[in-house]
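There is one chain below, alone, in structure tokens, taken in the form predicted on its own.
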């Protein structure tokens, strides 16, 4: 027996109903915010991600050579693909350009609760101008989506990667040289970060200042202890979010993000009930388009971990309406079979969900099938019903039955 690859999953009908339900909610909320959906290829040229995604992602990429000897990889995230698409085809569109997407990503990492090698992301990007309002709009959409799904307990932590990049540059570790250090700071691996900073020639005071900065967390007022250009910017972002009705906001200058292309505001959203693996969303502002041959433009966005969000919703006991089949058509005898299919087809064309027996079961087994399919009604058609041009409509919850004429059936079920 061939097993599915480690870190992947199969989804049965009931699981897919849940996933499509919440996925649809997320799409609806994005549209309400003025975002429009796009889609990009599931595989890209490997260079798209090795240029700037950072060492953490590069080590986990599923890469291979295709039959044309080209370096190809399964996408490990979607932002780079979106900006590549923008540079290729969308630069003439009016701005701000507000886009959202949903799709699979792939990373070779150790599978655990809520973390898989094939995982799903819902994300959004805004290409516009570098204003606090733009960043607040991205964070606000992420928060609104989570609230739309019914999630109650979540926390938004906002930082600014430019603060740490500036401190590292002043200490003699500029640009991409700082990436390994930022990666360790992102994972809160302070001893390893301190060792890398020392190897880069940084002094004890500078190292201590950076570690201390990453530990500045709390309400917006904690920014009073920090004197820098990013302070007022973060405050303005938070002010707009409060005006939008979001109060569960805190400042966390230790938010680094694992991707190397972030340049300004960064944020993460946690669902505390998930424990150690509590992060369900992350994003920030970045600069990528110039790397892909385009003009330099301000961009900001986020990605919601769809699988972890579903896990958080399950932990909170959030329910979703179970879809029900309206009618299960039961033919009794060979003469009623064609009429059963005719009725099922008419119901479907009228927008009424209907199934029909295709196994040639007896009436008892068919009624059991109707019940297991969670149908609301069984429509029984036998010789008597054919003679009277009617069906016997049985309510499967109460057991009550009534005779309904063929001509009245669609309207009866709609009512």
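Since the structure is predicted, the reported quantities are computational estimates derived from the model, not experimental observations. Positions refer to the first chain, counted from 1.
There is another form of the same protein, the form predicted together with a small molecule; it is not shown, and what comes next is about it.
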| item | value |
| --- | --- |
| The small molecule contact in the predicted bound form: residue 303, any heavy atom under 4.5 Å | yes |
| The small molecule contact in the predicted bound form: residue 115, any heavy atom under 4.5 Å | yes |
| Interface membership of residue 125, the small molecule in the predicted bound form, 4.5 Å heavy atom rule | yes |
| Touches the small molecule in the predicted bound form: residue 183 (any heavy atom, 4.5 Å) | no |
| Partner-facing stretch of 154-162, 221-229, 101-109, 290-298, counted where any non-hydrogen atom is within 4.5 angstroms of the small molecule in the predicted bound form | 101-109 |
| Whether 79, 262 and 280 all lie within 4.5 angstroms of the small molecule in the predicted bound form by heavy atom | yes |
| The unique member of 75, 339, 308, 84 whose heavy atoms fall within 4.5 Å of the small molecule in the predicted bound form | 308 |
| Partner-contacting position among 214, 134, 149, 121 - heavy atom within 4.5 Å of the small molecule in the predicted bound form | 121 |
